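Let's start with one chain on its own, the form predicted alone, as structure tokens.
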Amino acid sequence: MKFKIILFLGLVMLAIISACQSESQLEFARYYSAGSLVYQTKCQNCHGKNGEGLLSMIPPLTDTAYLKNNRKMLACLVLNGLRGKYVLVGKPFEGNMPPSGLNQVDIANVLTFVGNSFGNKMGTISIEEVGNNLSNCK
């Protein structure tokens, strides 16, 4: 009987400890999971399930250095799209990414997802950060 009680209490303690996450971890999980859905419905068709892109028309989302170096303009790219010729990952691309029509919440969610998928590790890209970056769009 004592063994069962000790086992039960041990399992309860283990469940409590493993369920404890900081507020920032919970916030990241909310952004990331919502961003996964936005990516699947709005981005995956062109950029691919694994962010691999498409030949010389659609760039991959796997270039960690590009994403980190251009973090402040990512929200503008998502909102306004991209047209013409550009070089990414050392490769030339030519095509049009249409404006997304996404609101700031969805942009923050999808950027958090992309920024932490496909080999990227950028942490949470918050709604506040997206709002600040969008105010500087050219």
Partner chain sequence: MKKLSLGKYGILLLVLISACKFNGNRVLPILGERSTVTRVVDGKTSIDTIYKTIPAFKYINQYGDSISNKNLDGNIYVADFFFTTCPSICPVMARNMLNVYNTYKSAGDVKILSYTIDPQHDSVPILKKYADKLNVAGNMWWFLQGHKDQTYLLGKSYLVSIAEKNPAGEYIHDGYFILVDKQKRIRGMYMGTKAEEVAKLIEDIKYLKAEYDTPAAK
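Numbering follows the first chain given and starts at 1. Every value quoted in this text rests on a predicted model; they were computed, and no experiment measured them.
If you look for the form predicted together with the partner chain, you will not find it shown, but the lines that follow are about it.
Problem set entry | Heavy atom distance at most 4.5 Å to the partner chain in the model of the complex, all of Asn103, Gly131 and Leu134 | None of them does, since no heavy atom lies within 4.5 Å of the partner.
For this session: Using a 4.5 Å heavy atom cut-off, indicate which stretch of 28-36, 105-113, 89-97, 63-71 touches the partner chain in the model of the complex.
Result: Heavy-atom contact with the partner occurs in 89-97.
Exercise. Would Ile58 show up as a contact with the partner chain in the model of the complex if we use heavy atoms at 4.5 Å?
Worked result: Contact check for Ile58: yes, within 4.5 Å of the partner chain in the model of the complex.
Exercise. Counting only heavy atoms, which residues in 35-69 are within 4.5 Å of the partner chain in the model of the complex?
Worked result: Counting only heavy atoms within 4.5 Å of the partner chain in the model of the complex, the contacting residues of 35-69 are Gln44, Asn45, Cys46, His47, Gly48, Glu52, Gly53, Leu54, Leu55, Ser56, Met57, Ile58.
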